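Here are two versions of the same chain, shown separately as structure tokens and labelled structure 1 and structure 2.
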Structure 1
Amino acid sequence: MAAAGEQRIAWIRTRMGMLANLRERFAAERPFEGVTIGLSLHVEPKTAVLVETLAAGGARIVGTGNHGSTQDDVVAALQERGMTIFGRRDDSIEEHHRNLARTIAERPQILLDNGADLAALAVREGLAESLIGGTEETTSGAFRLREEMDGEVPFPVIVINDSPLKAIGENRHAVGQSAVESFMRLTNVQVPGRRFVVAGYGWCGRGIAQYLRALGGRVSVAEIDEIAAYEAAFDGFRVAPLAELAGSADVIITATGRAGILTAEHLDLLQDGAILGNIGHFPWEIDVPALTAAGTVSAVTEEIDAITLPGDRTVYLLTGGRMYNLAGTAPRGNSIESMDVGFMMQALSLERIALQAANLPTGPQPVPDDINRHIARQTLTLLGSALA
């Protein structure tokens, strides 16, 4: 199984040019010599390249995958290299919590955290004082650190998701690309001329709407915020309530970050053949229980369910309402290069923590500006561009 994981990691590694260069520098400079880094992250081939880069810098690696997304062959590959990785795809939530506890029990000095799970556990168990610092990948983790744990975190935590590089490169462009790629891969449906409705015009919604339109889709937008709706209108989209758009939509994609966007009230409006998918982080933007309760469900492919509704209409739900660009049997997720950017921010922020934590304020904070600019310059080089 480790061999299978290694092969999947190999292609990814060849396209992560910035991390490749960084591994060479880390191997020479060993910024993490003698340091244990505790991880909580999605364990899949792209993250494996991040983890091996940290290890090349001298770090001892302990950690756990996220609940439900762990890829067992990648775990095996990492374990075979001597890392201490907990977790399997089929872990129960209780087992996952035990894995977090096991990670903390290994006494990491630095955390690479996701949703602030490790930081919260460290604070609760009184181990925070022994921590140098860490990074936090997600907005929801940043929210937790800033609101629930306000003032309780006695070490610096660099929040990756706040970086403008991430908003531009990942949230808009990479999610836009993966939203159209995954839609086409899962459905084989024609995009040009089709009527799409995108609910939500934040960074992700903007990317999805713009990429679908670029491919010839006839895209409308549903949005409740005046300023975002105004931007969508100037960007050339029809903006209207979902209830007004649903009746003529061939495809509806939710990307709002909120619950209950496509609900029971819309079911009567959907036309026969409509396809429903969600790109938002949480699986409750489409009210799947309401949808399945209203009709008869049957699987038509591994990733598509048909739901027969009253009125002789069948609608199709992608990957059970979970992020259809990341769920299913062989998801591609965001482009490799966009993750190279994101993981460079992780690796360099962790290095900053390791070497200069004393000079940083405690608590959550943005990625240092010089790190953003350094990565931006390197990305330009990889894209054949250069600063003036």
Structure 2
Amino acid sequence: MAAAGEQRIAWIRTRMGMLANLRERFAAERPFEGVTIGLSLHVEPKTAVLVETLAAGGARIVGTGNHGSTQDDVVAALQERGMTIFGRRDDSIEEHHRNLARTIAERPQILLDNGADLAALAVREGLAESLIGGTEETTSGAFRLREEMDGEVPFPVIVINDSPLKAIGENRHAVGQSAVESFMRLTNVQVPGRRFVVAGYGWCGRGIAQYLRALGGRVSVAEIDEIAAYEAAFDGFRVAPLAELAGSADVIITATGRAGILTAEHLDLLQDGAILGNIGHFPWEIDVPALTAAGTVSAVTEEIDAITLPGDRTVYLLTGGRMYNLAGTAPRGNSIESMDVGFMMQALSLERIALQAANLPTGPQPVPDDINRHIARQTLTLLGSALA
């Protein structure tokens, strides 16, 4: 299994040129010498290239995957290199929480977090004061840090999701592409002519709607924020509440980063044959317990469950409500090149934390502007473009 993981990582490495250059510098300068970095991230081949880049800079890596998206061959490959990585693809949510606790028990000084899981646990366990700082990857994690944990984080957290580069390159274009590609691969159904509802018109929702429409999908947007709804309308999409759109939808995709988007109150509205999928980080946007309690569940494939509801209607749920572009079998996630940019941002932000945390304010904060602009220039060069 480790050999298979290494083979997949080797292909990904060839497409991540920015991390390759950074790995050489890190190996020479060793900015993480003597530092343990605690990881909670989707453990897949692109993540492995980031991890080996940090290790080249002297970091000791401990950590775990995110629930439902861990790829076992990649875990085996990293473990074979001597890294302390916990978790399996089929872990229960309880096992996942134990893996988070095992990661924090290793006493990392810096966190590389997804969904603020490690930060929340460190604060809850009274270990936050021993942390130098960390980074946060996602919209969902940024919400947690700024709302649920407001004022409770005594160390700097650079929120990668705040970067305009992540918003444009990864959230809009890479998530847009991977959400549509994964939907087609998992279901094998046609996009052209099909009626899609995208719930949420943040950067991820924008991308999904754009890519679905580009392939001929008939796309509407459910959005409660006035400004985002205004933008969606001016982009040419029908905009209405989810309750108004759900009854005519062939497919509903949630992409908000918030809990409780498609709830029990929508179940009576769903038409026979509707497909439900979530692309947000946590499996809470679709109320899966309410959905499964309302009907009879049977497996169609490993990735698709059929739920037969009262009235002899059947709806179909992708990957148990988890983010379907990274759950299920043979997931691909976002494009390699987009993650080269995103993980370059992670690596440079972690370096900033390691070397200059004392100069940063505590709590969540955006990626420093000089890092954004440095990466933007490098990306333009790789694309064959240049600034005047």
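Residues are numbered by position in structure 1's sequence, first residue being 1. Values in this document were obtained by computation on a predicted structure and should not be read as measured data. Each form is matched to the other, and the largest set of C-alpha atoms that superpose within 1.5 Å is called the rigid core.
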{"property": "Structure corresponding to the form predicted in complex with another copy of the chain", "result": "1"}
{"property": "Point of rigid-part switching between structures 1 and 2, i.e. the hinge, among A77, A199, K166, L245", "result": "K166"}
{"property": "Turn angle in ° for the smaller rigid piece between structures 1 and 2", "result": "17"}
{"property": "After superposing on the core, C-alpha shift for Y324 between structures 1 and 2 in angstrom", "result": "5.2"}
{"property": "Core-fitted comparison between structures 1 and 2 - CA shift at C204, Å", "result": "3.5"}
